[in-house]
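Read the single chain below, which is given as C-alpha coordinates and is the form predicted on its own.
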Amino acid sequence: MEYQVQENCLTIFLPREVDHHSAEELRKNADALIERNHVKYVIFDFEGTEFMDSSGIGAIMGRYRLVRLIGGEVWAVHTNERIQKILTMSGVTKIMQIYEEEKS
(Lines give C-alpha, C1' and ligand atoms only; values in the text may rest on other atoms or scores of the structure.)
Protein backbone atom coordinates (compact mmCIF):
# COMPACT_ATOMS: atom_id res chain seq x y z
CA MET A 1 0.00 0.00 0.00
CA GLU A 2 1.30 3.42 -0.91
CA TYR A 3 0.34 6.82 0.46
CA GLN A 4 0.80 10.20 -1.15
CA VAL A 5 0.11 13.53 0.55
CA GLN A 6 -0.22 16.71 -1.48
CA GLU A 7 -1.21 19.78 0.52
CA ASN A 8 -4.36 18.71 2.42
CA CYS A 9 -5.16 15.67 0.25
CA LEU A 10 -4.16 12.06 0.97
CA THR A 11 -4.23 9.48 -1.83
CA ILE A 12 -4.19 5.84 -0.74
CA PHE A 13 -3.17 3.37 -3.44
CA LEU A 14 -4.89 0.19 -2.29
CA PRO A 15 -3.38 -3.29 -2.68
CA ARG A 16 -4.77 -6.14 -4.79
CA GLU A 17 -6.69 -7.52 -1.78
CA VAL A 18 -8.15 -5.27 0.89
CA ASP A 19 -8.75 -7.68 3.76
CA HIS A 20 -8.34 -7.69 7.55
CA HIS A 21 -4.55 -7.37 7.45
CA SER A 22 -4.32 -4.56 4.89
CA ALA A 23 -7.33 -2.76 6.42
CA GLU A 24 -5.55 -2.61 9.79
CA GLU A 25 -2.41 -1.20 8.16
CA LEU A 26 -4.55 1.30 6.25
CA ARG A 27 -6.24 2.46 9.46
CA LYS A 28 -3.00 3.06 11.35
CA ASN A 29 -1.05 4.70 8.53
CA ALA A 30 -3.90 6.81 7.12
CA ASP A 31 -4.95 8.10 10.54
CA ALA A 32 -1.37 9.14 11.34
CA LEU A 33 -1.01 10.90 7.97
CA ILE A 34 -4.41 12.60 8.29
CA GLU A 35 -3.54 13.94 11.72
CA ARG A 36 0.08 14.91 10.97
CA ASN A 37 -0.65 16.62 7.63
CA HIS A 38 -4.06 18.17 8.44
CA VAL A 39 -5.63 16.17 5.61
CA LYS A 40 -9.13 17.19 4.60
CA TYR A 41 -9.57 15.04 1.49
CA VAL A 42 -8.92 11.31 1.12
CA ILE A 43 -8.80 9.57 -2.26
CA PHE A 44 -8.92 5.78 -2.37
CA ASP A 45 -7.29 4.55 -5.57
CA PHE A 46 -8.62 1.09 -6.46
CA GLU A 47 -6.63 0.67 -9.69
CA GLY A 48 -4.89 -2.54 -8.63
CA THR A 49 -7.64 -3.83 -6.31
CA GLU A 50 -9.49 -7.03 -7.17
CA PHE A 51 -10.98 -8.00 -3.79
CA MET A 52 -12.32 -6.18 -0.75
CA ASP A 53 -14.09 -7.62 2.28
CA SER A 54 -16.02 -6.00 5.13
CA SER A 55 -12.76 -4.98 6.84
CA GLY A 56 -11.96 -2.81 3.84
CA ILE A 57 -15.44 -1.27 3.92
CA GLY A 58 -14.96 -0.53 7.62
CA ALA A 59 -11.58 1.10 6.98
CA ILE A 60 -13.12 3.37 4.33
CA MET A 61 -16.05 4.28 6.58
CA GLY A 62 -13.70 5.08 9.46
CA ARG A 63 -11.59 7.44 7.35
CA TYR A 64 -14.79 9.05 6.08
CA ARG A 65 -15.97 9.72 9.64
CA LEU A 66 -12.58 11.12 10.56
CA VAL A 67 -12.34 13.68 7.73
CA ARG A 68 -16.06 14.46 7.78
CA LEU A 69 -15.63 15.90 11.30
CA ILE A 70 -13.42 18.61 9.82
CA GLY A 71 -15.58 19.20 6.74
CA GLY A 72 -13.58 16.97 4.43
CA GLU A 73 -14.57 14.51 1.73
CA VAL A 74 -13.69 11.01 0.56
CA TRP A 75 -13.46 9.88 -3.07
CA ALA A 76 -12.81 6.66 -4.94
CA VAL A 77 -11.01 6.45 -8.27
CA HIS A 78 -10.15 3.66 -10.72
CA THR A 79 -12.89 1.31 -9.47
CA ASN A 80 -13.51 -1.77 -11.57
CA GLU A 81 -16.95 -3.35 -11.95
CA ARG A 82 -16.49 -5.74 -9.02
CA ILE A 83 -15.32 -3.00 -6.63
CA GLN A 84 -18.16 -0.70 -7.74
CA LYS A 85 -20.63 -3.46 -6.94
CA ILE A 86 -19.11 -4.01 -3.48
CA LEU A 87 -19.17 -0.27 -2.73
CA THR A 88 -22.77 0.05 -3.93
CA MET A 89 -24.06 -3.01 -2.03
CA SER A 90 -22.37 -1.86 1.18
CA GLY A 91 -23.87 1.64 0.91
CA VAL A 92 -20.48 3.35 0.71
CA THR A 93 -21.47 5.07 -2.55
CA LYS A 94 -23.97 7.13 -0.53
CA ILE A 95 -21.13 8.86 1.34
CA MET A 96 -18.30 8.71 -1.17
CA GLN A 97 -17.94 10.15 -4.65
CA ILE A 98 -16.72 7.74 -7.32
CA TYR A 99 -14.79 9.38 -10.13
CA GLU A 100 -14.20 7.55 -13.37
CA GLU A 101 -11.93 8.59 -16.18
CA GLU A 102 -13.54 9.19 -19.54
CA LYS A 103 -13.11 6.20 -21.84
CA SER A 104 -11.72 7.22 -25.23
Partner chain sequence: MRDTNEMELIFDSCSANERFARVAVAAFMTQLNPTVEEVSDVKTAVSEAVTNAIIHGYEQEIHKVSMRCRIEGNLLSVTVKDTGKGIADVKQAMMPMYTSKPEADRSGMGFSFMEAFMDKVEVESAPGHGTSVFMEKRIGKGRSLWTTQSL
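In this text, all values refer to a predicted model and were calculated from it rather than measured experimentally. Numbering follows the first chain given and starts at 1.
Only in words, not in the display: the form predicted together with the partner chain, which the text now covers.
- The shortest heavy atom separation between residue 40 and the partner chain in the predicted complex exceeds 4.5 Å.
- Proximity of residue 55 to the partner chain in the predicted complex: non-hydrogen atoms within 4.5 Å are present.
- In the predicted complex, at least one heavy atom of residue 59 sits within 4.5 Å of the partner chain.
- Among heavy atoms of residue 27, some come within 4.5 Å of the partner chain in the predicted complex.
- For the candidate spot formed by 14, 36 and 68, no residue has a non-hydrogen atom within 4.5 angstroms of the partner chain in the predicted complex.
- Contact residues in stretch 1-25 (any heavy atom within 4.5 Å of the partner chain, taken in the predicted complex) are 16, 17, 19, 20, 21.
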